[in-house]
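Single chain ahead, by itself, as C-alpha cells, in the form predicted alone.
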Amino acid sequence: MVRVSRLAERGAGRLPGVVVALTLVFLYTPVLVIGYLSLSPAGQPTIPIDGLSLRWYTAVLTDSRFVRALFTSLGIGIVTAFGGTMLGLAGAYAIVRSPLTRTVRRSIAVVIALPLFVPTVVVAFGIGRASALVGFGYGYLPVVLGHLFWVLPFTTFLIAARYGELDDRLSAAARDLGADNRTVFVTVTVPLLWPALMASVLFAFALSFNEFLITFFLAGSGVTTVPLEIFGKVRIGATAFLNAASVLVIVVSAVAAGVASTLRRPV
C-alpha cells in the first residue's frame, strides 16, 4: 500500500511536466513544420522536402508588395509601441498612484480593460464605424488609433504591475531634498519603471505588427501591412511563398516578445 502511494505521488509530481511538454508540442509543431517546408525549393512542398533552398526567402524579400507591407507594419508598430507605452504609463499612474478615489481608479481600470473582454472583430467593427462617423475614414491614422486602442490594456497593466511595487519612500526622500514633482518623476520614477517601459514597448510592437482584424477594417485600399499581404497570398494559394513569409513574421515577433520577457526589474 505504501509503495502504491509512493508511485502515485511520483506520477502526480511528473504530471505538470508532461502537460507542459504536450502543450509545447501542440503549440510549436506547426511552427517547426512551416519552417521545415519553407526550405523546400518546390512551389507546393511536401514532407519530406526535396533538398534545401532559400529560394522562397529570396522571393519574399525581393517582392515589392511584401517589402512595402513590411515597412508599413514596422512604421505602424513603432508608433503604436511608443504611443501605447506613453498612454499606458498615464493609465498606470491613474490606476495606481493618482489621488483619485478607489472607486474612480477601479472604474478607469475597468474601462481600459474592456478591449480584453470584447471579441476583436466587434472591437474592429466598432472602431471602423466610429472612425467613419468622426470623419477619419480609412488609412494610416485610423489604423494607428485602432492599434493604440488595442494595445492600451496590455501596456497599462504591464506598467501598473511594476508601478505598484515602487517604494514611496524613495520619492518622498527626493522631495525632502528639494526635488519638485517633475524632477522626482524623471530622476526617480522613470528609471525604476524602465524595464517595464521597455517591455511595454516591445510587447506593444509585437501586438501591432501581428494585428489583422483591426487593420483589415480600418486600412481601406491605401494601406497594406504584412498580415494583410499574407492574407492576400492565402487567397491565391501561394503556399511556398507563405511558408517563408510566415517564418520571417514569426522571427520578428519572437525576437520582440523574447527580449521583452527577459527584462527584469532593477535590484
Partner chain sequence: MHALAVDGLHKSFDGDPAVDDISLTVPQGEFFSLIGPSGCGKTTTLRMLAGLLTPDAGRVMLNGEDVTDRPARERETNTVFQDLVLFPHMTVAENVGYGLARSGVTDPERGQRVDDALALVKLAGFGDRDPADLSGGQRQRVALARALVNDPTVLLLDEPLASLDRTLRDEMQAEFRRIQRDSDTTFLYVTHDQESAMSMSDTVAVMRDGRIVNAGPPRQLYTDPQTQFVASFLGDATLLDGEVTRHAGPDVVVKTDAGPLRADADAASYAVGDTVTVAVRPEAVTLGGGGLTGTVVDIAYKGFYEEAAVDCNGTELVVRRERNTAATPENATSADGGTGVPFRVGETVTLGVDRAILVENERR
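Residue numbers count along the first chain shown, from 1. All of these numbers come straight from a predicted model, not from anything done at the bench.
Unshown form predicted in complex with the partner chain; subsequent notes refer to it.
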### Message
Taking the partner chain as it sits in the model of the complex, is residue 165 in contact with it (heavy atom to heavy atom, 4.5 Å or less)?
### Response
no
### Message
So, residue 137 and the partner chain: in the model of the complex, are they within 4.5 Å at any heavy atom pair?
### Response
no
### Query
Within a 4.5 Å heavy atom cut-off, is residue 191 in contact with the partner chain in the model of the complex?
yes
### Query
Contact between residue 78 and the partner chain in the model of the complex at 4.5 Å, heavy atoms?
no
### Query
Mind listing which residues of 159 to 177 have a heavy atom within 4.5 Å of the partner chain in the model of the complex?
167, 169, 170, 172, 173, 174, 175, 176, 177
